[in-house]
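Here you get one chain, nothing else, as structure tokens; it is the form predicted alone.
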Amino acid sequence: MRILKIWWPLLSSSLAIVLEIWLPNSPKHPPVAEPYFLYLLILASVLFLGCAVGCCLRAGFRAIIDDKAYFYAAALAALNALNLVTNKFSLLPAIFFPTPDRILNVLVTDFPYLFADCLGSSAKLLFTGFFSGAVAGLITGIAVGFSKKISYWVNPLIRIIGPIPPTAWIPIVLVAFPTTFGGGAFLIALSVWFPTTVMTSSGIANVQNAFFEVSSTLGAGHYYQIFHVGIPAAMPFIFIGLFTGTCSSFITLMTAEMLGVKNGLGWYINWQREMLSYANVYAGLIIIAVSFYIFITMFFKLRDHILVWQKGVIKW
């Protein structure tokens, strides 16, 4: 059974290829220049065939596909089912549910514009707001965590302003900022600032007093205790706050790009939705999903590199 398991993805992709070639396409969907879905299935079949053969020849290859074999097979089966209900039988409204061929056609033909212009514009806005919010959150959290005077004055403001959704500030942002880019960056920064501040200050507050007492006994000064004792000990909490802020920044980014900017993935999806080009909408969503997945993966790689002793505690 373990040997048969590695062949399931290949069987799933092969069945999808047979149905794609054998069944005629529905006339309700406009044809595309190239059968990109068929190309994708053939590529997947070649890859899974290579992995299956490699697993049979060398046990070291089994780790590549063994654990996820059923998932890959189910994912291909889901794509096959989507192709059947749209491209083959047209069981769903054609205008709102395009075929996989049309979505892949948009990804191929519009990829330079989606990647260079829209994704580049979104990345610029996201990183500007995220970096600003993260730095402001770290500074505020450290100040609140180490200073009782600052905590006395700032903590009430954090508790009042922080829970307000960033999108609720849109009417004020549209008036206060001269450009939509600045307003969007502010909203993203605000969504990152609150969780980073709360978790940073909480992490510092949870550092054991023994750490500070020992360092003070050894002659450590106030600033040394802050940067070499308190902050390193609070790093697990800080990364949790940054992760929460990262997820919030993604949501806020899509909203911010619908305020009136002239580029970006959120703007592109909204524009194509108004044009009823839902193949382009789904293509934009795929770009967002892939790019955000890469961003989160890199974030966790950085976390595991810094917090070596906690590697694997929070998995992605």
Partner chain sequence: MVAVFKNLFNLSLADDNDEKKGKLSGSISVDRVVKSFIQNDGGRVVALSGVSLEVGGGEFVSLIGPSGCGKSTLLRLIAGLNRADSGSLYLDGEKITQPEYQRGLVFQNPLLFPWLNIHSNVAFGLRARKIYRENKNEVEKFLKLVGLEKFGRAYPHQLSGGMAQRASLARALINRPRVLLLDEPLGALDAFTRMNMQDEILRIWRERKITMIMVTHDVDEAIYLSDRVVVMSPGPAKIDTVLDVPFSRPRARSNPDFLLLRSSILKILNYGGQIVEPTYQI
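Numbering follows the first chain given and starts at 1. Please read these numbers as outputs of a predicted model, since none were measured by experiment.
Below, we turn to the form predicted together with its partner chain, even though it does not appear here.
Note that among 217-225, 159-167, 90-98, 191-199, the stretch whose heavy atoms approach its partner chain to within 4.5 Å in the predicted complex is 217-225.
Remark: G182 does not count among the residues lining its partner chain in the predicted complex, judged by a heavy atom distance of 4.5 Å or less. By the criterion of a heavy atom within 4.5 Å, V308 is counted among the residues contacting its partner chain in the predicted complex. Put simply, F127 is far from its partner chain in the predicted complex: not one heavy atom of it is within 4.5 Å. Its partner chain in the predicted complex is not approached by D117, whose heavy atoms all lie more than 4.5 angstroms from it. Proximity to its partner chain in the predicted complex, defined as a heavy atom within 4.5 Å, singles out one entry of F177, F211, Y113, F71, which is F211. Taking a 4.5 Å heavy atom cutoff to its partner chain in the predicted complex, the contact residue among V173, V229, V154, A143 is V229.
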